[in-house]
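This document opens with one chain alone, in structure tokens, the form predicted alone.
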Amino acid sequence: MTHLRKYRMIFSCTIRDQFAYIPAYLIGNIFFVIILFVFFSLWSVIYRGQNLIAGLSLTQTLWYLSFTEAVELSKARVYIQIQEEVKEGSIAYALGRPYSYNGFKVARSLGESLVKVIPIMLLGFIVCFLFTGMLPGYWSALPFGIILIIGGITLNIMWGLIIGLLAFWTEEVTPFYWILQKLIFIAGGMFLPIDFFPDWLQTAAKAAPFAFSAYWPAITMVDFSMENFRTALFGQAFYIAVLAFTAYLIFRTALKKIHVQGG
């Protein structure tokens, strides 16, 4: 319980600090508005003459993008923080503190991301409402969607933590992040719902961890059902546990490497 209080305090302090930057987040996400406008223009042409594609309307498809982008744009760059600490050697000071290094990074990154996602979702709501009108079932799906969006953010943080820890061996980890990002963009259904994929690809893509970062939170919001929610929630819990354990193993191995080298 003592450790949980420490991480809760780190989480709370980060949220308090990050609220000071909300106006900057809004200004910095003008690019988000441009993305929504470009895709609305593109899909308006694609949907011309038809109401549904793969069971989704134009309204659902645009709102879907707003939710996947909210998860993507709000994530903390934890891998950069770890990379710089390893390069500078300042990580040695962090290792001596009375809490888990991984736990500290997750708590801090989650606090930062949850503050960032608020203005992004508000901005997405306004833009999508102006372009296509209200998403049917939005308010009833919102409580469940928020849980899954937090789960998607947590998954991204766990990926970032693992990538950052690779800096103990490679120092520069940005290329690993680029690979992960592209996998989420494509296989995770960030820009395009996986329902639009060929049938033979859908099953594998929906079960992959990348889909639980982007596709499942968004599709549950735009096409809500308890079946979708349960599938998304259990999948996120499973992959978060797997990635957390993987990060723990990598960190323990990295500590041995530091001790061997005398760092």
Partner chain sequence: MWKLLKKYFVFNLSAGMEYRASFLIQVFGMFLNNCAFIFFWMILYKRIGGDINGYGFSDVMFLWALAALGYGLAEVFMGNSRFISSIIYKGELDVYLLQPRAILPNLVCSRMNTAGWGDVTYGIVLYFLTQSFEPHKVLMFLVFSILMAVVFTAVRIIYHSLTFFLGNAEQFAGTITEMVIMFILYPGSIFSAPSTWILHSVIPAALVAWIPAEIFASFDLKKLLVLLSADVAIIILSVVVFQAGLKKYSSGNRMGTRI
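Given the structure is predicted, the values throughout are model-derived calculations rather than measurements. Numbering follows the first chain given and starts at 1.
Keep in mind that the form predicted together with its partner chain is missing from the display, and what follows is about it.
Query raised in the report: Heavy atoms within 4.5 Å of its partner chain in the predicted bound form: does M134 have any?
Result: M134: no, not in contact with its partner chain in the predicted bound form.
Report task. Would you check, heavy atoms only and a 4.5 Å threshold, whether F185 touches its partner chain in the predicted bound form? Result -> Contact check for F185: yes, within 4.5 Å of its partner chain in the predicted bound form.
Query raised in the report: So in the predicted bound form, does S57 come within 4.5 Å of its partner chain, heavy atom to heavy atom?
Result: Result no; S57 lies far from its partner chain in the predicted bound form.
Report task. Would you please decide whether S41 lies within 4.5 angstroms of its partner chain in the predicted bound form, comparing each non-hydrogen atom pair? Result -> Close contact exists here: in the predicted bound form, S41 approaches its partner chain to within 4.5 Å, heavy atoms only.
Query raised in the report: Which one, 219-227, 206-214, 42-50, 234-242, holds residues whose non-hydrogen atoms are within 4.5 Å of its partner chain in the predicted bound form?
Result: Looking at the partner contacts, the answer comes out as 42-50.
Requested in this report: For the stretch 217-248, return the residues whose heavy atoms include at least one within 4.5 Å of its partner chain in the predicted bound form, in the order they occur.
Outcome: Stretch hits: zero.
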